[in-house]
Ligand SMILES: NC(=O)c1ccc[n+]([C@@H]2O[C@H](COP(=O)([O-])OP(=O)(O)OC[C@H]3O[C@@H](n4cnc5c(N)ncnc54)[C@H](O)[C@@H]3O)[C@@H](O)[C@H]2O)c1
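First, one chain by itself in structure tokens, the form predicted alone.
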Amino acid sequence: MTAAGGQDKLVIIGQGYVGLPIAMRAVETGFSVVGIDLDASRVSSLREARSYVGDVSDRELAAALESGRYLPSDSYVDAERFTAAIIAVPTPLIGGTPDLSFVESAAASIAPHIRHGSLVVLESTTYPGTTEELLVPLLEQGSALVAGVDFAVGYSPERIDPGNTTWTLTNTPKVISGVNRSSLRAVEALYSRLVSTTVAVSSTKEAEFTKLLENTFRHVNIALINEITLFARQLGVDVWKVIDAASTKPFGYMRFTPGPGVGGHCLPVDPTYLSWRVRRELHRPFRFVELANEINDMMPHHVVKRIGAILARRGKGLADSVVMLLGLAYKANTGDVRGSPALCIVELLMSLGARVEVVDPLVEPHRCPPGVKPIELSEDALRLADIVVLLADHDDVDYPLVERAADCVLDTRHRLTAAHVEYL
């Protein structure tokens, strides 16, 4: 089914780190796209071709707007007569419990615009059963139509990795599913235009579970290497040399590296969605996930403890010491601070009286914690800092300057090589 004007009209609900790249790709492939976001400031930025997502440049956004096939909007009125809709809204945790209110709101708002032959796909990460148990009833209630008969419904977990220029939306295989065969065909027809490879599974539950497995696997293995790192240091072993040596094995091993904690829109949330579902439905704990949460949540505290110990050896206390943090984002080469362990480290340091400075050219200044002013990296600032702590190893940083000008450095990412640098 095509919209007025003969073009397929794709509505993408949520114009964040997932929805905006999809919107840009859809415009590129010929869709007429309505990008809905209820954050008026976001919509204003999009209309002015100012991107707040690292994977989408201002130039790319401007080209989409100039094509006449991209409409940023905060109103569902613009969703009228859509061909397909993708829901890519946040699914945060509130007190350890999944919060699906954004999904519920999106479903209730798009439902009145569903017509015979429409397609609705959920991409937001969630627990197995959400599509059929929550989304479908809301869509049917609001449209007075039957899912799988009058319109198609599917689930396709997002696999966006912010800052990754090797594996992008287009060339990363896309898992797809539908509530029945006809829905799966509709989902396949949509995503085959957006990505190079689709991977169909037999049910929406399997697709939902796939996303949780992927990130639980990463979460657990990061926790493993984080704990190994703590023990290795106490045993007098250079864990980075051990990791390098183990990585030469061509089978039965996958490289994971330690860090100051986990962050982003997936790892701090997704495994807990699975753990919550298991405990709620099966009345049993998911011990691997809960242990991984405990270890990874502890890492920012360990980093602050190391900072304090290093300063103490130099005859200084944390109180009134100047601590420069290199990187506020949760990972390299992105400005995403969601769930970043750096935020916890800032809070802990400030609670102990430290004066915290942050250097992160990729993070918007208003994303910095209250009381922390971002600064530019300079030789003077490095020399004035009592300790410099590397948290996110962005590529576009003058690391030789850091090694030359800073005489006290803790590197949590093993990016620096100077003899005076200490590692996690």
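The shown structure was predicted, so the numbers you read here are calculated from the model rather than taken from an experiment. Numbers for residues come from their place in the sequence shown, where the first is 1.
Keep in mind the form predicted in complex with the ligand is missing from the figure; the text below concerns it.
*Asks:* Though only this chain appears here, would H265 touch the ligand in the predicted complex if you measure heavy atom gaps against 4.5 Å?
*Replies:* Close contact exists here: in the predicted complex, H265 approaches the ligand to within 4.5 Å, heavy atoms only.
*Asks:* Any of the heavy atoms of Q15 lying within 4.5 Å of the ligand in the predicted complex?
*Replies:* Within the cut-off, so yes.
*Asks:* Find out whether any non-hydrogen atom of I160 is located within 4.5 angstroms of the ligand in the predicted complex, and reply yes or no.
*Replies:* I160 belongs to the contact set for the ligand.
*Asks:* Residue-level contact is defined here as any heavy atom of the residue lying within 4.5 Å of the ligand in the predicted complex; does S124 satisfy this criterion?
*Replies:* Yes.
*Asks:* In terms of non-hydrogen atoms within 4.5 angstroms, which of the given stretches 142-150, 171-179, 82-90, 189-197 touches the ligand in the predicted complex?
*Replies:* Stretch with heavy atoms near the partner: 82-90.
*Asks:* Heavy atom within 4.5 Å of the ligand in the predicted complex: which of T210, S105, N164, T257 fits that? Just give me the one.
*Replies:* Contact check passes for S105.
*Asks:* Counting non-hydrogen atoms within 4.5 angstroms of the ligand in the predicted complex, say which of V388, A64, I36, V359 makes the cut.
*Replies:* The option sitting close enough to the partner is I36.
*Asks:* What residues of 325-349, in sequence order, lie within 4.5 Å of the ligand in the predicted complex by heavy atom?
*Replies:* Contacting residue: only R338.
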